[in-house]
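In the block that follows, a single chain appears as structure tokens, in the form predicted on its own.
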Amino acid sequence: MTQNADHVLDHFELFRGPEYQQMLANKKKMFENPRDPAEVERVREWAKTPEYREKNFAREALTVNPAKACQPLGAVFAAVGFESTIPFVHGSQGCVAYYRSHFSRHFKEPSSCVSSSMTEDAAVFGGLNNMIDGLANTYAMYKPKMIAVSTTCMAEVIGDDLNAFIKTAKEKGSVPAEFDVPFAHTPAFVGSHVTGYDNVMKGILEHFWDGKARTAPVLERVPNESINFIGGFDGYTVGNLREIKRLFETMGVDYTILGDNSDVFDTPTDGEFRMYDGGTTLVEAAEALHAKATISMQEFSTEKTLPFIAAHGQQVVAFNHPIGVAGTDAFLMAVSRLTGKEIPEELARERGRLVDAIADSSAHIHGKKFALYGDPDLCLGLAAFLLELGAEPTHVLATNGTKGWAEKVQALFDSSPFGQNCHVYPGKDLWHMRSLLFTDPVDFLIGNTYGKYLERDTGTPLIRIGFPVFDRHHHHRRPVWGYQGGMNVLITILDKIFDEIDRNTNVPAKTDYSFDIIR
């Protein structure tokens, strides 16, 4: 099937043509070592059984489709939240291409990040020369105000010392001696992207608060009335941080967002390319030491950062990605307690509107069963909101969830009558989730784009909430925090419920008894 310049076929149609179908059939026959279709189907059906589930959950040395990414991805996410800062990943070019493409596909924005371009020789002899040349090139070409350094597997396996390398690079004149180059070791073979976010956030604050990596005097803390806010690794950072700013400003709170990447992941198309846009200024990052308190919206994204801040004399408060009425109530009351600011009537009315919307739609959500997966804090926030709606978060899975996280989820289940038949799965992956969906089915699955394969395989309708979302556009522009964010999540869930009702009741004179125009 040849293409015609006047009518270019998309791949949806092109690959269904007879030439392509024959080519794909030949490829399968000649190169894919095919098995008897009947045997393939037999094994496929067996893999849906409780017997297979038991074997699946017994595996220890293999992970299949983990619902997490690696540390440097979170490191890059944290770094771009600071003014004119470029992330510098000490490792191979291929790794950095992955981080950039991941963010570009989710946020639909260019994602700037540089690499020290380590190859085989650096893997043997160390990457010092790569660091020296890389920092010099980055400083000269991209004119940043700060370069935030992190690492990949290669650099960590051979034991490259970032602190020593950066000092040597400054001595060699790669960047001025006083130039800000905070760093954090972020080995990709342990932890996850939320760990990398945490390490880099802590590394940047250490750099400014503890004397720019010991090259300047340690700042003396002079407490003031402002508060700091850390959002954590969040696929909805554009909408969420703007919503948080609106809430703070409505309450009259003096605040600093640490790691504000809401603008760099949402730049306008106006003829000007912005490699850097917005972000926490370096002055604000340093002066954040003097705030009276720091709020983290995601406890498991700041497990090292919050103790570091607390050790510098601040009050710290952590949440678990609060979504819905109770979660937002707790957040706003904490802000009010820390700042002495009253919660204004405007926000009380927003709360009432969300309560009203939940009441309007409760009949359609009450009793529905959900499976959900994602980052630990997001899973906690979503599970709490589902319980608030009278739904059952039957399966809650986080590949990067810990035993402590699982205990927290179980305590949440125990606090609600709708949590009695719900289960939590720390450290498990999406192949485990597949077994759960076949052997203990639910009504809906909540997760990121990769859940579409589970939807196709198990028939469980997918509601896309999380990171990354590649196959739908602009979800990241809407908040899921605050009462308005809770409204957005509620609408997203309801739309899928109604779509499924329509899909299952649309055969004329057979199933269309509920194909209604009113819900």
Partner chain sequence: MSLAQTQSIEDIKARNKDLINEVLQIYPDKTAKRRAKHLNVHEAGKSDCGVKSNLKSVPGVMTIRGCAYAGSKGVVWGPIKDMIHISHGPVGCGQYSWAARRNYYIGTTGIDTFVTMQFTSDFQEKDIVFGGDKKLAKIMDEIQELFPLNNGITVQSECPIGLIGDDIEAVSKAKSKEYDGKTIVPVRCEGFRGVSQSLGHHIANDAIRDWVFDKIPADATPRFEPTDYDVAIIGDYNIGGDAWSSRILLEEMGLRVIAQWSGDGSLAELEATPKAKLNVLHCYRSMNYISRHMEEKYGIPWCEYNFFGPSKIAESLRKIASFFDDKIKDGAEQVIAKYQPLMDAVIAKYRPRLEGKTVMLFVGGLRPRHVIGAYEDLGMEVVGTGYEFGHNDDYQRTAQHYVKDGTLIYDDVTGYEFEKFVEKIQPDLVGSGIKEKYVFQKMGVPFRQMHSWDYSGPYHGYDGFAIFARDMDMAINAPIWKMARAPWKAVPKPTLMAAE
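Given the structure is predicted, the values throughout are model-derived calculations rather than measurements. Residue numbers count along the first chain shown, from 1.
What follows is about the form predicted together with its partner chain, which we do not show.
Which is the contacting stretch out of 234-242, 377-385, 297-305, 134-142, given heavy atoms within 4.5 Å of its partner chain in the predicted bound form?
Looking at the other structure, the answer is 134-142.
Complete contact of H11, F88 and I158 with its partner chain in the predicted bound form (any heavy atom, 4.5 Å):
All three within 4.5 Å in the predicted bound form.
In the predicted bound form, the one of L430, A391, V442, I257 near its partner chain [non-hydrogen atom within 4.5 angstroms]:
Only one listed residue qualifies here, and that residue is L430.
Can you pick out, from E83, E109, D210, E284, the residue that has a heavy atom within 4.5 Å of its partner chain in the predicted bound form?
In short, E109.
Can you work out whether I517 and its partner chain are in contact in the predicted bound form, taking contact to mean some heavy atom pair no more than 4.5 Å apart?
Heavy-atom contact with its partner chain at 4.5 Å: absent for I517.
Is there a heavy atom of A123 lying 4.5 Å or less from a heavy atom of its partner chain in the predicted bound form?
A123: yes, in contact with its partner chain in the predicted bound form.
Taking the shortest heavy atom distance, is Y99 within 4.5 Å of its partner chain in the predicted bound form?
Contact with its partner chain, yes.
Using heavy atoms and a 4.5 Å limit, would one call S92 a contact residue for its partner chain in the predicted bound form?
Within the cut-off, so yes.
Partner contacts in the predicted bound form for 9-25 (non-hydrogen atom within 4.5 angstroms of its partner chain)
Read in sequence order, the residues that approach its partner chain (within 4.5 Å, in the predicted bound form) are L9, D10, H11, L14, F15, E19, Y20, M23, L24.
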